[in-house]
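In structure tokens, one chain follows: the form predicted alone.
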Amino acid sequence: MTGKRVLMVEGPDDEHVVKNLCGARNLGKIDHVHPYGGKDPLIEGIPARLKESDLVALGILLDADTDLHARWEAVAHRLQQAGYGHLPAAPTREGLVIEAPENTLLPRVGIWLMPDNQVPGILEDFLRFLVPAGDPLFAHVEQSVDRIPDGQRRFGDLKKPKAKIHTWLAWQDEPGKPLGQAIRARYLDPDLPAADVFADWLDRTFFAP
């Protein structure tokens, strides 16, 4: 498949996680991973991306946050306006990939809502799936974070997964590795089942014939 492959992401953490997962899984190179600095600029940028010349595959990667359905509707609405016809009412568990409509110059489009297209959450909820099963250190992290008194906790519930992952990484042999480098160092395991599903979506979106 010739032409540009572009992935839209919210921020640099998403960018580096995807690039390192692609490397760990030998998937190939996405031509351009573009951080938008948040979900609203990303969603608003979808129509312009779809009109780019020589674009053959576009990936849209977003956090579901607290409202998976609202996030899905915002993306689906812009795709339907662009000519992608009827889309499912909810994201598919394996990540949706839509082939280009016939007789158009539109690209193939893949959509993934973190963590797993099924529940509310963020990137770090997905990365929790890549922590080796039964890791005793992560159990200590969860206890430590969950026991912070409400009056002393300086982050909201939505950011609790961030606090846990980054605390866990701070307690590794090389403390404080960024998320992408933690995959490369295999603190986060890119071969666990959750990574299989996500890697398959990346492959179908960007590298399938």
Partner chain sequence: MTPFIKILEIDGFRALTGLRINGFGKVNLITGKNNSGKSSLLEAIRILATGGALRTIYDILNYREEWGAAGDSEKIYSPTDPVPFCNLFNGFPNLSSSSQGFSISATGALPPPISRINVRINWFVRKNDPDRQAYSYEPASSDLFDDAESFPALDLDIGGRKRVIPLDRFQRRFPVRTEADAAPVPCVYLDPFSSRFTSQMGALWDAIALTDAEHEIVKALKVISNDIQAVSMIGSDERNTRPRTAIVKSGRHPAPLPLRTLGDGVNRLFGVILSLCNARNGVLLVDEIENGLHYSVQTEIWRTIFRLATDLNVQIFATSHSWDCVRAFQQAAGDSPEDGVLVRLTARGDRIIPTLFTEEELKIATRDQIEVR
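Numbering follows the first chain given and starts at 1. Source: prediction; values computed, not measured.
As for the form predicted in complex with its partner chain, it is not shown, yet the points below apply to it.
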So in the model of the complex, does any heavy atom of residue 67 sit within 4.5 Å of its partner chain? no
Residue 28 near its partner chain in the model of the complex, any heavy atom under 4.5 Å? no
Contact between residue 41 and its partner chain in the model of the complex at 4.5 Å, heavy atoms? yes
In the model of the complex, does residue 4 come within 4.5 Å of its partner chain, counting heavy atoms only? yes
Taking 4.5 Å between heavy atoms as the contact cutoff, choose which of 89, 119, 139, 105 touches its partner chain in the model of the complex. 105
Answer key, its partner chain contact in the model of the complex at 4.5 Å (heavy atoms) among 146, 52, 157, 174: the residue is 52
Would all three of 36, 45 and 48 be in contact with its partner chain in the model of the complex, where contact means some heavy atom lies within 4.5 Å? yes
Which of 97 to 105, 123 to 131, 68 to 76, 110 to 118 lies within 4.5 Å of its partner chain in the model of the complex, heavy atoms considered? The stretch 97 to 105
